[in-house]
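Coming up is one lone chain in C-alpha cells, specifically the form predicted on its own.
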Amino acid sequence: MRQALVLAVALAAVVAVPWIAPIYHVLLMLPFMAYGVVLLGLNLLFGYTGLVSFGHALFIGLGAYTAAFLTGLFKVRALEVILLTAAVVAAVVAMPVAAFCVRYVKIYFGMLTLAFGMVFYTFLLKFYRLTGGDEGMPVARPFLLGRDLGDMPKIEYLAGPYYYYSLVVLIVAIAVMWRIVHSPFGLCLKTIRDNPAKAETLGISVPHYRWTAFVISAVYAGVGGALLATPTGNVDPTLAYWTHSGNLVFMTLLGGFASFFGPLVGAFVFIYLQDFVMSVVPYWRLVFGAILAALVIFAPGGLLGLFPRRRVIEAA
C-alpha cells in the first residue's frame, strides 16, 4: 500500500509540474522523460542481464537522426510514425550488433559496444552531405495524434501537449518493461545474470536471451532518442559520442541498477543536479564530478539503495 501511494504521489507531481513549476523546470522534465525511456531499456541489459553497454548512445543517435530524416527529408510529421520508425531502425541495427557482442561478457562486451558506438559517431561526423556533420540536422515540430500545432508558440507546445505526450510514452514504456521483467523471460535473464552456467544446464539459451535483451534495450533507446530530438530542434553527432553513453551508465548507477525505478531516479537527479551546479559554479564539471563521485562512494547501491528494499522497486 505504501509503495503504491508513493508511485501515485510521484505520478501526480509529474502531471502537475506544468501547472505549478516555472517554465524552465518544466522544460527540464522533457529530457528526463526521454532519458527515462532509454534507461528502462538499458537497465534490462545492465541490471537484469548483467551486461554493461558503453555504446548505448548509438541507439539514441539512431532514434534522433531518424526523427530528423523523417521530418526533414521525407516530410513525415506524425510523432507516432516517428517513434515507431525509430524503434524499428534501432532494432534492425541492434540485431547484428547484438549477435556479435553477446558472445562476450564483462569488459569485452563493454568495449565492443563502445567500438560500435564510436564507428557510428564517426559516420555521423564524416558523412557531412548525408548527416550534416558536426552541424547536425534540424528536426521539424512533429504532429501529436494527428494535430498540427504549428501555430502554437514553441515553449507553449513543449510545456503543454508535448510534455504530456512524452509522459504518456514514458508510462507506457514503464508498463511494458514492468511486464517484461516480471515475466518468465525476465526470470531467465536474472538467472543468466546470477549464474550463466547454471542457466545453460537448465536449458536456457544464454546467447539468445542476451541477444533479445540487447535488441529490446536498443528499441527503448531509439524511442528515447526520437523524444529527445524534438525539444532541441536539432540533432548532432555528440548524441552518439562515448561520453553520452557514459552518462547513461552513470545515471543508472546513481539511481540504483538493482531497482526497477532506480534508473528513473538517477536520470532525474543527474539532470537537475547538473543544471543546478552549472548555474552556480564556473568550474561546474569539477564540482559536479566530485558530487557524483561522493554519491557513488557513499551510496554504492544507488540512491534507492539508501532505503529499505521494497517489492515495487526491487529488480531482483
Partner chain sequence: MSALVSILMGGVFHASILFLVAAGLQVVFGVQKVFNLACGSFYALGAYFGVSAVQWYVAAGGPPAFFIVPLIAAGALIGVTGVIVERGLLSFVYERDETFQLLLTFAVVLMMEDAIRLTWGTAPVSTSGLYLVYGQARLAGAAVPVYNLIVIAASLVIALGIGWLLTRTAFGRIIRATADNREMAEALGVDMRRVYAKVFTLGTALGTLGGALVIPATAAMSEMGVELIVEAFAVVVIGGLGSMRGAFVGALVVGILRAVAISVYPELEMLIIYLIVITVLVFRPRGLFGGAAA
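Numbering follows the first chain given and starts at 1. In this text, the rigid core denotes the largest set of C-alpha atoms whose superposition between the two forms falls within 1.5 Å. These numbers come from a predicted model, not from an experiment.
One more form of this protein, predicted together with the partner chain, exists but is not displayed; see below.
Taken together, 107, 118 and 253 are fully in contact with the partner chain in the predicted bound form: each brings a heavy atom within 4.5 Å. Although the partner is absent from this view, residue 54 contacts the partner chain in the predicted bound form, with a non-hydrogen atom inside 4.5 angstroms.
Using a 4.5 angstroms limit between non-hydrogen atoms, residue 272 is distant from the partner chain in the predicted bound form. Residue contact with the partner chain in the predicted bound form: residue 292 places a heavy atom within 4.5 Å of it. In the predicted bound form, the partner chain lies farther than 4.5 Å from every heavy atom of residue 12. Think of it this way: in the predicted bound form, the partner chain has a heavy atom of just one of 112, 239, 137, 89 within 4.5 Å, and the residue is 112. In summary, among the residues 185, 164, 127, 178, the only one with a non-hydrogen atom within 4.5 Å of the partner chain in the predicted bound form is 127. Residues of just one listed stretch (139-147, 214-222, 228-236, 242-250) have heavy atoms within 4.5 Å of the partner chain in the predicted bound form: 242-250. With the core held fixed between the shown form and the other one, residue 288 has its Cα displaced by at least 2 Å.
The Cα position of residue 24 differs by less than 2 Å between the shown form and the other one after fitting on the rigid core. Relative to the superposed core, residue 297 shifts its CA atom by 2 Å or more between the shown form and the other one.
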